[in-house]
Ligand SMILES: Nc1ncnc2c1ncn2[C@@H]1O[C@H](COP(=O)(O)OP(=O)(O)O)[C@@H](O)[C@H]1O
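Just the one chain here, the form predicted on its own, laid out as structure tokens.
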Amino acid sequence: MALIEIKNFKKSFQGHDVHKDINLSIFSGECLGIIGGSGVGKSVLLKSLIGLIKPDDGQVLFKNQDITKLNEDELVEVRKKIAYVFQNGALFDSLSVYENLAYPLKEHTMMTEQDIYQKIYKTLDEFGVLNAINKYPAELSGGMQKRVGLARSIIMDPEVILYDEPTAGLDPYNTKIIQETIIKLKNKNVTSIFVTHDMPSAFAVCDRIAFLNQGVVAAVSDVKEITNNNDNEISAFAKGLRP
């Protein structure tokens, strides 16, 4: 049974149909890539999974619960289980790296200050950014900001992580670190949804890839099938042969 199901999802902005009828299932422990041209609503779909955007029609089911029907207080509980990794890291500029990671733990857990410190220390060490613990976001490179943002997203041990273009603008070194981190989390049975234009990264980390086009899911395929069979819509998009 699917962990997340998107059923008959429809969304328009100012009379423009972005999603006409999206149907998609995401299974526990997998990494699903979502690709498509600019403006097809990849980020819209991600944001709908934590209630930041409501569909005009349709359902978004997480563990059989329709989150489109939840109020803000109820969505807080969902957002503890589904983490969102924003493109720019979305760190609080006025807080140090330590304070950025401590914030959700202080808000949503009963952990002691010592336990919070140990958890943050371990997490930053795993991400290779422990030397940034007392720095502020403005003092970090773009790659380090993204890695710290990812570290903050997993600090609450979510069941699902939503990645919105996590490798965009990164050099090969930082891209590889992000890829390795996603694979490590997947090996811990964390479910991932990976929105990207970076096809090499999609092929490196994803189990399946969904191709959005003209308001619907035009194709969904296992990565192995895509790489072994060049005659499909996803391969054509990856090669730049179709919009």
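Start at 1 and count along the sequence shown; that's the residue number. Keep in mind that this is a model prediction, so the values were computed, not measured.
From this point on, the text means the form predicted in complex with the ligand, which you will not see here.
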One residue of V60, L32, I182, V40 in contact with the ligand, assessed in the predicted complex (non-hydrogen atom, 4.5 angstroms): V40
Sole residue of A218, A204, V44, L70 within 4.5 Å of the ligand in the predicted complex, by heavy atom: V44
is_contact(H16, the ligand) in the predicted complex, heavy atom dist at most 4.5 Å: yes
Candidate stretches 60-68, 186-194, 173-181, 32-40 - the one whose heavy atoms come within 4.5 Å of the ligand in the predicted complex: 32-40
